[in-house]
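This document starts with one chain, in the form predicted on its own, laid out as structure tokens.
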Amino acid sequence: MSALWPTAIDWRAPRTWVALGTLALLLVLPLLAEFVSGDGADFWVKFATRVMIYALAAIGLNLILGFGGLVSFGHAMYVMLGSYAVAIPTEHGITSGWLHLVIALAAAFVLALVVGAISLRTTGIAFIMITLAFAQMLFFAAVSLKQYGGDDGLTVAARSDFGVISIAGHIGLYYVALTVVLLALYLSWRAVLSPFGLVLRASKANARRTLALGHPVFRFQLAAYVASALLCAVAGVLLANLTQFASPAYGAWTLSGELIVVVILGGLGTVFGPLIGAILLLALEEALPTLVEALLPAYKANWMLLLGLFIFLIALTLERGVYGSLPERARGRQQP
């Protein structure tokens, strides 16, 4: 595996420079927000934290969608599960962040193992519908929890306590979220270049041939599905701490759809694409309403038409997504 580092990255390639520039900007964002916005810095830090949370969930989804070719329409349920792993214990006076994280990971592991073992017996539309069905069941189960707010959701009285790692402030939470995203990107990159990742990508191209070569495709796909669910659960833990709220809406099929859009917009099957996709989608959702209201006040309620048009144009002109369409090798350099 040590030989993968010099052959996997071309430091002169446009894709590499975009990734490095994005990471550099994210590292100094709180300072930049303070310098540019002053009193409005908190808004931008919270917005950037939400971008990191979406990116983390999308990195998880990308593991099975981008590299495994499995379209899950129910991954938002793991985000919701992670948020309730924070809200419900906190409601009973348990504020330990490490315990919240353990509960979220354990619950997501068990649920993903069951859902994956069932849904992965199918392919195509059947797989999509089964994942959606499980997500809807969990959504209505959360709605039925009247003692925990039901469909009104549940307020988180205090953020998780991780001891020396403080997320009480917005900047602390942002840097924790950024660190988790960077770790997820690294682990995703290593996984994709490992034998596990090679089999996963081979199963996307031709599952029958991969199985005929002696690889246990089902076990590899199940492992990828569970891993992706765990990342979404961690995103849910962070989301509950950001909003200080947990809601069944976090598990709605619309959020699963948004995560799919994030992955495709950034670059399906690229390690860094989900982060770029999350930045683009959430930035557009934040900027377009204001832009439409300023330029076309009569159409301010229809700003999502412009968002849909932008996504349509990206899909039409950049088949591999915004980041995925960038060259990964410097001009004149051959693929090793």
Partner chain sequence: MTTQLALSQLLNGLQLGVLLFLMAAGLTLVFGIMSFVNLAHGSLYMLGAYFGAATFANTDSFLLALLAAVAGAAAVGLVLDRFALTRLYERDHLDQVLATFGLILFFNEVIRIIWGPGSIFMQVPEALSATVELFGFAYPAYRFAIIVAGLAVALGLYLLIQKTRIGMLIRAGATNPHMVASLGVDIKGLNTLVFALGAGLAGLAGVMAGPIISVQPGMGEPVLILTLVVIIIGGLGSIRGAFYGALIVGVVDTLGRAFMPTVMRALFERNTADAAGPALASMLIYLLMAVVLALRPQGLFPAGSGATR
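Model, not experiment: these values are computed from the prediction. For the two forms, the rigid core is made up of the largest set of C-alpha atoms that agree within 1.5 Å on superposition. Positions refer to the first chain, counted from 1.
This next part talks about the form predicted together with the partner chain, which is not shown.
Enquirer: Can you pick out, from 245, 162, 109, 253, the residue that has a heavy atom within 4.5 Å of the partner chain in the predicted bound form?
Expert: Spelling it out, the residue with a heavy atom inside the cut-off is 253.
Enquirer: Can you pick the one in 226, 182, 133, 171 that has a heavy atom within 4.5 Å of the partner chain in the predicted bound form?
Expert: That would be 133.
Enquirer: Out of 93-101, 233-241, 135-143, 150-158, where are the residues with a heavy atom within 4.5 Å of the partner chain in the predicted bound form?
Expert: Going by heavy atoms within 4.5 Å, the stretch is 135-143.
Enquirer: Give a yes/no on whether residue 175 approaches the partner chain to within 4.5 Å in the predicted bound form, heavy atoms considered.
Expert: Contact check for residue 175: no, nothing within 4.5 Å of the partner chain in the predicted bound form.
Enquirer: At the 4.5 Å heavy atom threshold, is residue 40 in contact with the partner chain in the predicted bound form?
Expert: It does not: once the partner chain is placed as it appears in the predicted bound form, residue 40 has no heavy atom within 4.5 Å of it.
Enquirer: So in the predicted bound form, is the partner chain close enough to residue 65 to count as touching (4.5 Å, heavy atoms)?
Expert: Residue 65: yes, in contact with the partner chain in the predicted bound form.
Enquirer: Can you tell me if residue 122 lies within 4.5 angstroms of the partner chain in the predicted bound form, counting non-hydrogen atoms only?
Expert: Output for residue 122 is yes: heavy atoms within 4.5 Å of the partner chain.
Enquirer: Identify whether the partner chain in the predicted bound form is within 4.5 Å of every residue in the set 71, 126 and 311, based on non-hydrogen atoms.
Expert: Affirmative, all three are within 4.5 Å.
Enquirer: Which of the residues spanning 275-307 lie within 4.5 Å of the partner chain in the predicted bound form, based on heavy atoms?
Expert: 299, 301, 302, 304, 305, 307, in sequence order.
Enquirer: Tell me whether residue 23 is among the residues that move between this form and the one not shown (Cα shift of 2 angstroms or more, core superposed).
Expert: False for residue 23: its C-alpha shift is below 2 Å.
Enquirer: Verify the C-alpha shift of residue 322 between this form and the one not shown: is it 2 Å or more after superposing the core?
Expert: Stays below the 2 Å threshold, so no.
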